[in-house]
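Here we start with a single chain on its own, the form predicted on its own, put down as structure tokens.
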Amino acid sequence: MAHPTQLGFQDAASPVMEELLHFHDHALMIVFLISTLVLYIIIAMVSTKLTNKYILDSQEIEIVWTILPAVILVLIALPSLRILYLMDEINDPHLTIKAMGHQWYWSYEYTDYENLGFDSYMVPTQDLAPGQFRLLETDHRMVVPMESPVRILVSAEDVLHSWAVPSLGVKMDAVPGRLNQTAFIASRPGVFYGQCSEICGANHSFMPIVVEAVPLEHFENWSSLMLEDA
């Protein structure tokens, strides 16, 4: 859950998000080192009293400032490509959920069940219970079992939307007439918040996403109650 004055990412709740955090720290350290080196060179060049008017070229310097950036780019690209392929892998999902974007709410359909689906609207500010978050709570949460691969099929009925939950490392565009897919594994129980991340009209800011990860036994009890109500 994000909080005021937060500078970094939210705490990871999935293996992919943990990898993204590690890569962020890795890339940030490289940026700091480059910035420090460039700043040192600038200060040294400005403050020094030594000059040499006879240096017209230097093969050694040319080689260094050609090879060094190439090595740095490789050090950034290799872990980036690894995570990219990890995010694309969807192996034997235990549960498939179809998330459909509407103006301005989400609807969910659990495709492994015959008649399990619901609409998820934002809870108005005046209806919030103590402890609930303004603009983030929904009347129906998307409940998933923890430590199980979950596949999300994402589409939209009217305009472009985007289904995003930062703690899970998930963001997928919802395009009318197109079915995109992504996957995640919730590594711990909890409630994880997200929002539509593609400007979709006047109430774009009022279509939150709430994913609740629970133990498998609790998920089975919840799905049974939902099927009975249906």
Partner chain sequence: MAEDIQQKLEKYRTAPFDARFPNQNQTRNCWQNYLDYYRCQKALDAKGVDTAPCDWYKRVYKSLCPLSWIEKWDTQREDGTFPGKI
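Positions refer to the first chain, counted from 1. The structure displayed is predicted, hence computed values, not measured ones.
What follows is about the form predicted in complex with its partner chain, which we do not show.
Enquirer: Would you please decide whether residue 181 lies within 4.5 angstroms of its partner chain in the predicted complex, comparing each non-hydrogen atom pair?
Expert: Yes - in the predicted complex, heavy atoms of residue 181 and its partner chain come within 4.5 Å of each other.
Enquirer: Find out whether any non-hydrogen atom of residue 155 is located within 4.5 angstroms of its partner chain in the predicted complex, and reply yes or no.
Expert: Residue-level check for residue 155: yes, a contact with its partner chain.
Enquirer: Spell out, yes or no, whether the shortest heavy atom distance between residue 164 and its partner chain in the predicted complex is within 4.5 Å.
Expert: Residue-level check for residue 164: no, no contact with its partner chain.
Enquirer: Is the gap between residue 90 and its partner chain in the predicted complex 4.5 Å or less for some heavy atom pair?
Expert: So residue 90 counts as contacting its partner chain.
Enquirer: Looking in the predicted complex, is its partner chain within 4.5 angstroms of a heavy atom from every one of 96, 113 and 151?
Expert: Every residue of the candidate spot has a heavy atom within 4.5 Å of its partner chain in the predicted complex.
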